[in-house]
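To begin, one chain is listed below as structure tokens, in the form predicted on its own.
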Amino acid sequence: MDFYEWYDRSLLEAHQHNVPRHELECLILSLLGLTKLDLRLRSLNIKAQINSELLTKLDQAWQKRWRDRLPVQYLIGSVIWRDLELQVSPAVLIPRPETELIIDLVADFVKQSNQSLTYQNGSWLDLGTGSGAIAIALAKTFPQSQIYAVDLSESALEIAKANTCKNIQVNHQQINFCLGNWFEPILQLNLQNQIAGIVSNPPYIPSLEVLNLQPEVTKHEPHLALSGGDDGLDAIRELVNTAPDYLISHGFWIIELMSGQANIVRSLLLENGCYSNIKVHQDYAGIERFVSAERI
């Protein structure tokens, strides 16, 4: 079987098994070093460059994608998120496009604030950093800030460190990596009332619902980064209740959540009594995806 015979067969498999065509193409382009134009033109030169060993390697990866439902990002080992190329593996959640907006919301808040320099030069927490996507984007947005990236998974922090070295060329020390559960490692650093902003994409899916997600998610992505307890709000309650101990006056607080949780989180913030300027923000699809607030 030559490459284009294999390609046509794989296109049919993608259609039959509901795998987007662009994921097949992404896998091919990544593993074989081709361009989209190469693929579209079906050049004979391209076919000649692909030997049986390469084709076997590609086919094995493709079988893992549609048979084992392994996400293409894990097969390739990386994902593009905002302007970052991030290493990913099953040790970390794959950064989603909708999460990109959280950085814009932070930047807009700081730009409009009367204390803009305080936030730009201050300390920020990224709680549950995973691949380091949010921490790295914050560091690039505020080059004079200090970022504390916290995760309970040592494997995740290793990936976050590698991504920092790849994406931040000048000052790798801008991001401090902390192993532990939410605020625990921050408590040891004596940062109470010193944090300008807290950003988090915490686990927010009810535990039973995690088991009913797409197999790509349920079988391969880390449940530690997905499962938020019986009602999905365990981690969020911790973030609401403990953040005031660490934020400066008017410190910024923002998290991602799932559809249907925004009003509950707003109520939790109001009940806590330490927050003002509570806002719900929609993602690109119009879903209420983020809630932000300021420490009184």
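Start at 1 and count along the sequence shown; that's the residue number. All values reported here derive from a predicted model rather than from experimental measurement.
The following text describes the form predicted together with a small molecule, which does not appear among the structures shown.
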Would the small molecule in the predicted bound form be within 4.5 angstroms of a non-hydrogen atom of every residue among Val106, Thr141 and Gly197? no
How about Ile76 - does it come within 4.5 Å of the small molecule in the predicted bound form, if we only consider non-hydrogen atoms? no
Within 4.5 Å, heavy atoms only: does Thr129 come near the small molecule in the predicted bound form? yes
May I ask you to check whether Asn181 falls inside a 4.5 Å heavy atom distance of the small molecule in the predicted bound form? yes
Applying a 4.5 Å heavy atom distance criterion, does Ile159 contact the small molecule in the predicted bound form? no
Just one of Leu191, Val210, Leu152, Leu101 has a heavy atom within 4.5 angstroms of the small molecule in the predicted bound form, so which one? Leu152
Check each of Ile186, Ala225, Ile168, Ile175 and return the one that places a heavy atom within 4.5 angstroms of the small molecule in the predicted bound form. Ala225
Can you check 211 to 219, 91 to 99, 111 to 119, 67 to 75 and let me know which stretch has heavy atoms within 4.5 Å of the small molecule in the predicted bound form? 91 to 99
